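Read the single chain below, which is given as structure tokens and is the form predicted on its own.
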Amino acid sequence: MNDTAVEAKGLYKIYKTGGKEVKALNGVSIDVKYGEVVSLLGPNGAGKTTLVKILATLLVPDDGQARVGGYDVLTQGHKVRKIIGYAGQDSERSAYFRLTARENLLFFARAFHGISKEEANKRIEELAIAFGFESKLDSYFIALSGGEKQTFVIIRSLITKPKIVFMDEPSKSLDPVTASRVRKYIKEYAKNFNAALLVTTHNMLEAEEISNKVVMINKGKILFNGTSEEMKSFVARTESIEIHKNNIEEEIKLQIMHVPGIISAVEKDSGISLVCKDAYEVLPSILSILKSNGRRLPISVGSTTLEEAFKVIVGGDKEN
């Protein structure tokens, strides 16, 4: 059996809007193997949702090829839809408003996938317990909150026990507890069922927690494809300096950000995070600036996070 569940080669998608052409995908190639979770990272408008929708047969590419579960997404779309799970961002239009969550899930499982009522109910209960959704199963869909509708969409994508799952920002609108449950379940699901999951996210910590592989996309192009650790090495930034103070004067910030050896500086609520190749080489200059301005601030040295690597890669893409 081929261990590649999803394979895309040279995908292009162009949107025409306001008399202009926007390349949502510009020759994208990607693969996802059974048993792994791949996180698709990128800023808004990078092409993440377009790619997932093409793979889920919801959009047609302008050029390129893609196979899901061995089936061609263009010529065998009906077979692709039978074997995948899909959780998109259209939760408001994902169910019948006048049916309960349970009734919607039963209808989906039985009418579209032929799962017996007994087995469908069993799976619904199992997934509801896993995501803390038990008390909402018999609520009308229209009465659910945005986060609850999103949880419903995730449950629906998994109820058929698919071997291939596409999730477009699954933690969007979820409270922290439910989001944590979803991340844990996604990771275990891929391992336990030898399933392939492609997940788009803006949450760097989420990607680092659940992923076997990270794919960075920006302006329709793949900028990086590898593990989160490889991504950090890819940008050759292995250290960071944290200055822990949330009210540093602008003049001091500017002096620090222009210290030679600092590649990027990210302002946080707790202070400033400085990305550099050698923290101990630039640290004396930073301490000198603080001392000359009469400031003694808490400073720590650590490893570069995936979020910092993300910002360096995206910020380094100068193409217009």
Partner chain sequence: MKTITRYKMNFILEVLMSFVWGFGLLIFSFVIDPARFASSIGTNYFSFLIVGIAFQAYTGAAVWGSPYEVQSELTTGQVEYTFASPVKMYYYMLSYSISQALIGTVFDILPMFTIGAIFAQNLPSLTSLLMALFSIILTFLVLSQLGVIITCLLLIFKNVSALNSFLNFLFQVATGMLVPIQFMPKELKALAFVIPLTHGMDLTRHFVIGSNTIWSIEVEFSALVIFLILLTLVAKFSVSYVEKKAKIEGLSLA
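Quick caveat, the model's predicted, so the values are computed rather than measured. Numbering follows the first chain given and starts at 1.
Here the subject shifts to the form predicted in complex with its partner chain, a form of this protein not shown in this document.
All of Arg81, Leu99 and Glu103 within 4.5 Å of its partner chain in the predicted complex, heavy atom check = Yes: Arg81, Leu99 and Glu103 each sit within 4.5 Å of its partner chain in the predicted complex.
query = Which residue, Ala111, Ile129, Leu205, Val177, has a heavy atom that falls within 4.5 Å of its partner chain in the predicted complex?
reply = Exactly one residue meets the criterion: Ala111.
request  = Report the residue, out of Leu283, Ile289, Leu59, Ile262, that has at least one non-hydrogen atom within 4.5 angstroms of its partner chain in the predicted complex.
outcome  = Looking at Leu283, Ile289, Leu59, Ile262 one by one, just Leu59 meets the 4.5 Å heavy-atom criterion.
query = Only one of 73-81, 119-127, 210-218, 169-177 gets a heavy atom within 4.5 Å of its partner chain in the predicted complex; which is it?
reply = Going by heavy atoms within 4.5 Å, the stretch is 73-81.
message = in the predicted complex, is there a heavy atom of its partner chain that lies within 4.5 Å of any heavy atom of Tyr86, even though the partner is absent here?
response = Looking in the predicted complex, residue contacts with its partner chain include Tyr86, since a heavy atom lies within 4.5 Å.
request  = Classify Lys53 as contacting or not contacting its partner chain in the predicted complex by the rule of any non-hydrogen atom within 4.5 angstroms, answering yes or no.
outcome  = It does: once its partner chain is placed as it appears in the predicted complex, Lys53 has a heavy atom within 4.5 Å of it.
query = in the predicted complex, does Leu144 have a heavy atom within 4.5 Å of its partner chain?
reply = Output for Leu144 is no: heavy atoms all beyond 4.5 Å of its partner chain.
key: 4.5 angstroms heavy atom contact with its partner chain in the predicted complex for Ala95   = Output for Ala95 is yes: heavy atoms within 4.5 Å of its partner chain.
message = Need the contact residues for 147-171: heavy atom within 4.5 Å of its partner chain in the predicted complex, sequence order, or none if there are none.
response = The one in contact is Arg156.
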